[in-house]
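Okay, so here's just one chain, in structure tokens, the form predicted on its own.
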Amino acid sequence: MSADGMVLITGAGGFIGSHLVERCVAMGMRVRAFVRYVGGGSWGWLDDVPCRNELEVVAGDIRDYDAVLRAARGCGAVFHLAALIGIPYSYVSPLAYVRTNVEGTYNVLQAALECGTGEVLVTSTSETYGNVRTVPIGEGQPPDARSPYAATKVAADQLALSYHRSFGLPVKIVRPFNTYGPRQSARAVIPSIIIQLLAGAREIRLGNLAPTRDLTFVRDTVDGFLAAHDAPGFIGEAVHIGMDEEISVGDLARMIARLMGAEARIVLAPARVRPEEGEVERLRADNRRLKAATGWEPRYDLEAGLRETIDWIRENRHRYRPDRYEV
């Protein structure tokens, strides 16, 4: 990727977004980071990154078209990551997800169109596929949203594709499967398991243990974003970022306990169980298109990524609350 021009990253203060910001700065790119405005002036995870003084940071609300338009001016590309992503909370407040994930994506697309932005990379999710009959899952699999969160991401994907087809906006959709690593919220299963074990729990409280997930370390996900952006293809299409591997939640918990040298039994926590029709049983990415087009290869296997994640959470355990379930 050329270091010329400005790139806008929305959701820049979040888990994946902050890692993407760091990677882009390290590559010599000029980065405008769009973070959610809060009264205290926090930039989210960007408060802690070493490159924070090498950024242009814009605080605003992805739901505010004027704020997004101002941020997009002068940018040659947009990485759109801003979203509400917690599945459990989407059952509590679906409208918040519609306004953030659908209307927010509209704001990014319309602003990019008005500003003549060269490319918009929209972040999707493997949750759009719901329950499939065969794995690994290819990009041609139709959507089957099982949660309000997933439904809003399907809508955002389709809106992005419509902007390409209707107005010629250069849009790419990257569809990461489950990403994990340092800075991930406690609402996600891997930090939740680690936090409970660090607190000395003799029981790991989880939801359904049978569903499988394809887990990618965050640095490999970020490299996938950049590889997809650099690729000459994928305009008007979706491409997967994943490992083409799967592990059940129960086996994942046992692996983490082993890596931490901890002994704990797994117990069902009803509050963590999805509605019966809302559970997604298997997610495993067919990643051949990204590999073939870009040469992207993950650098971390699951154990290596988990070890880094465990170490980071151990050093930052004060940021988490082991006694509270985050929705």
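Throughout, we count residues from 1 along the sequence that is shown. As the structure is a computational prediction, the values presented were derived from the model and not from experiment.
Below, we refer to the form predicted in complex with a small molecule, which is not included among the displayed structures.
- Heavy atoms within 4.5 Å of the small molecule in the model of the complex are found in one stretch of 110-118, 130-138, 229-237, 147-155, which is 147-155.
- Although the partner is absent here, Gly305 is not a contact residue: none of its heavy atoms lies within 4.5 angstroms of the small molecule in the model of the complex.
- Contact check for Phe217: no non-hydrogen atom falls within 4.5 Å of the small molecule in the model of the complex.
- Under a 4.5 angstroms non-hydrogen atom cutoff, the small molecule in the model of the complex lacks Tyr163 among its neighbouring residues.
- The closest heavy atom approach of Gly60 to the small molecule in the model of the complex falls within 4.5 Å.
- Taken together, Pro191, Ser248 and Thr309 are entirely out of contact with the small molecule in the model of the complex: none brings a heavy atom within 4.5 Å.
- Between the small molecule and the residues Leu81, Ala253, Ile173, Cys75, the one pair within 4.5 Å by heavy atoms in the model of the complex involves Leu81.
- Only one of Arg282, Arg52, Arg30, Arg36 lies close to the small molecule in the model of the complex, with a heavy atom inside 4.5 Å, and it is Arg36.
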